[in-house]
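Read the single chain below, which is given as structure tokens and is the form predicted on its own.
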Amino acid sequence: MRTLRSTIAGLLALALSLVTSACGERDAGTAAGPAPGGQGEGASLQRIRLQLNWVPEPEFGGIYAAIQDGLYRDAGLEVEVIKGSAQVPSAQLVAQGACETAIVSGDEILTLRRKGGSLTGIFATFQRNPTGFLMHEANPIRTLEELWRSDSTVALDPGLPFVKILDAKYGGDRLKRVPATGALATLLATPGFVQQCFISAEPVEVRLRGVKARVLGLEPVYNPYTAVIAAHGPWLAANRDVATRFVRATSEGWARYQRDPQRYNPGIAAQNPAMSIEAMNVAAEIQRELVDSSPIGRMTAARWDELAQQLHSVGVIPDASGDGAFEDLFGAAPTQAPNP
């Protein structure tokens, strides 16, 4: 199951030494083949590499739905999905141009842009923060403030921005902090134990084990866009029409996945046999309300400015501006619209 991964400065140096061929393992779910009808029989497809920041799971469900239903092909695109892992620095790879696009977090975009990275958000999967703290249902703590002012033992990654934000807001001097590993053994055996989690990962496993637990979400305090598709800046500037078709096809893929995830989860499971179809169905159900928006994937400048101000307030970035962090392609008119 997935664990949260911080933006570690050492990975930047590692990523900058990589070349384009160093993108992760290629996924069998590449959208290929000749473009039909409206794109011209046999017309060449425009290639986009999409580097995931984790293995194929429901958090990428709309991408796989777009592949399965031929939405990218119909838009004149060949989208090569590249599997990620905890060791793959997807944000740094797209920032340096090793891949055209990648799945990253909103705070990674802002922090890497300040370090000279060239990446711009074009699509946000999670409109509401999918991270939080997993605890037993019987735990009396009900708010982030209560948790942070308690003496609970909490497994977390101290390098993540939300930890600094919670510390600045609530102190957290009494918390007993232990490293986050993603393993569930301690939590399952210890009623008062709390650990950070990703909504479609650890909570799913706990639920399937029949343990009553709940997630205390970070959204009230820290609500960045998450699972953002970022594009390499120079590529986006030269291929805005391609990127627009890609975003629109991805949004339609997500709309289809939200309507019927069980139609697409077997295809995702084929790429990730470590996660059962049952677990994927549960994950899709849990994450549904965090994805829903109209249209799915669109972002606003106000949200980016809010995130920049939060990160600046705790010293993560040197200024409080979200300028340039994203580009809204939903209002653009592509010269080659996808077939209806």
Partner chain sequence: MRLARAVAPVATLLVALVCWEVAVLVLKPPAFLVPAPSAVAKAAYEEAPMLAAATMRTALGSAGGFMVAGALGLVLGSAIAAVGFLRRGIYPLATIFQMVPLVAVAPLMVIWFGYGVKTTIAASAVVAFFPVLASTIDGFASVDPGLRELFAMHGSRGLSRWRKLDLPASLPSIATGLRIAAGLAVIGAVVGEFVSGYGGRDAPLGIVILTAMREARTDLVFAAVALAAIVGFSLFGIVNAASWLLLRRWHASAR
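Whichever C-alpha set is largest while still superposing within 1.5 Å between the two forms counts as the rigid core. Positions refer to the first chain, counted from 1. Just so we're clear, the structure is a prediction, and the values are computed from it rather than from any experiment.
Not on display, but discussed next: the form predicted together with the partner chain.
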Discussion item. Tell me which stretch of 263 to 271, 95 to 103, 223 to 231, 71 to 79 has a heavy atom within 4.5 angstroms of the partner chain in the model of the complex.
Written reply: 95 to 103
Item to complete: Please state whether every one of the three residues P203, V211 and Q309 places a non-hydrogen atom within 4.5 angstroms of the partner chain in the model of the complex.
Response: no
Worksheet item: Just to confirm, K115 within 4.5 Å of the partner chain in the model of the complex by heavy atoms?
Response: yes
Worksheet item: Would F162 sit within 4.5 Å of the partner chain in the model of the complex, counting heavy atoms only?
Response: no
Discussion item. Would you classify T111 as touching the partner chain in the model of the complex, given a 4.5 Å non-hydrogen atom cut-off?
Written reply: yes
Practice prompt. Give a yes/no on whether D173 approaches the partner chain to within 4.5 Å in the model of the complex, heavy atoms considered.
Written response: yes
Worksheet item: Ok, A185, A238, A138, A168: which has a heavy atom sitting within 4.5 Å of the partner chain in the model of the complex?
Response: A185
Discussion item. Residue by residue through 156 to 184, which ones have a non-hydrogen atom no more than 4.5 angstroms from the partner chain in the model of the complex?
Written reply: D157, P158, G159, L160, K164, D173, K176, R177, V178, P179, T181
Worksheet entry | Rigid core fit then I199 CA moved by 2 Å or more between this form and the one not shown | no
Worksheet item: Under a superposition restricted to the rigid core, does L208 display a Cα displacement of 2 angstroms or more between this form and the one not shown?
Response: no
Item to complete: Using a superposition on the rigid core, decide whether the Cα position of V221 changes by 2 angstroms or more between this form and the one not shown.
Response: no
